[in-house]
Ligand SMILES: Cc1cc2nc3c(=O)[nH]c(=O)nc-3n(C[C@H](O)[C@H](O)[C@H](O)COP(=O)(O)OP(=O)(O)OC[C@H]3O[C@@H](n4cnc5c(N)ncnc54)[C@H](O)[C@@H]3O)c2cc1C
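One chain comes next, on its own, written as structure tokens: the form predicted on its own.
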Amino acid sequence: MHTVVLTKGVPDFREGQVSFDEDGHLERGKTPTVMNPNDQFALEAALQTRVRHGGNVSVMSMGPPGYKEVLQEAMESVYADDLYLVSDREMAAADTWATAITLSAAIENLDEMPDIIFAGFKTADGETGHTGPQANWCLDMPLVTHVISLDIDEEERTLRAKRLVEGDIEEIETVEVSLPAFVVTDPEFVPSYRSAGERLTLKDLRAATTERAPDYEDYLTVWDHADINVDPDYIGLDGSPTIVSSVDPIPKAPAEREATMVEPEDVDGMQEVLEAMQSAVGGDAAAAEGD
């Protein structure tokens, strides 16, 4: 069974300030990037499918050359048999619609259509959750979103999934669709390995992907817009109907507590600190003083 997982790089805010150009577009080539956290659940769903049904897991992303490392992260942190990066300048500054067109064209450029395409719920930067469903619209497949568990019947070529209704953890429904299908996993997705055999297979696959990851470029295919036969007018900034009007900096959170500086030689001040600490833990300051 062939599955494709769509992933994306998002700014790593731990590395400091994110870079924007004068038009308000994120400069991804100048911004430290990591794999979108929600995409891990899509990778876990693909790995579960690989364990139970064999086959191949391809991980695909659209972005600058630096996204190679995002794909390596996907291979190392969860699983991948091979990797695809769709990248050139014509794709720069794409919104979700132009991105979906590009990714769907890349999927159609594979040797064969995958049985299942997985995508994460939404990205940590855009927060729209549009790209997966829009790519699915281009591919005209059955779509199941907010998936928290799934099973596949290979003989019947069907996928049965439990999903959250409108993202509500209190309401769950079961749906069944025919393959090929497009699945958007929810952050509540939890993989399930029911037998010792499945758990042993999982262990072997995890070891294999960890071994592959340092040499990930041996498993990487890079395509530009000509390789996937898309018109530059329909991708990148030219193909993006979204207009960025402005970008506001993230405000610094106000301090919620006040701090009082006490010098070590300030006996009275240190005594007050000790009494406050003893009170907080329910002890007795006088007993501590006697010690």
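The model shown is predicted, which means the values in this text are computed figures rather than measured ones. Throughout, we count residues from 1 along the sequence that is shown.
FYI, the form predicted in complex with the ligand isn't displayed, but the following is about it.
A.B. asks: Choose from 32-40, 259-267, 222-230, 46-54 the stretch whose residues reach within 4.5 Å of the ligand in the predicted bound form, heavy atoms counted.
C.D. replies: Correct option: 32-40.
A.B. asks: Answer with yes or no whether E127 is in contact with the ligand in the predicted bound form, where contact means some heavy atom within 4.5 Å.
C.D. replies: Because a heavy atom of E127 falls inside 4.5 Å of the ligand in the predicted bound form, the answer is yes.
A.B. asks: My question is simply whether A181 lines the interface with the ligand in the predicted bound form - judged by any non-hydrogen atom within 4.5 Å.
C.D. replies: Although the ligand is absent here, A181 would stay clear of it in the predicted bound form, with no heavy atoms inside 4.5 Å.
A.B. asks: In the predicted bound form, does L110 have a heavy atom within 4.5 Å of the ligand?
C.D. replies: No, L110 is distant from the partner.
A.B. asks: Using a 4.5 angstroms cut-off on non-hydrogen atoms, would T158 count as touching the ligand in the predicted bound form?
C.D. replies: Result no; T158 lies far from the ligand in the predicted bound form.
A.B. asks: Looking at L83, A94, I101, V144 here, can you tell me which has any non-hydrogen atom within 4.5 angstroms of the ligand in the predicted bound form?
C.D. replies: Here the answer is residue option A94.
A.B. asks: At a 4.5 angstroms cut-off on non-hydrogen atoms, which residues of 147-162 are near the ligand in the predicted bound form? List them in order.
C.D. replies: Stretch hits: zero.
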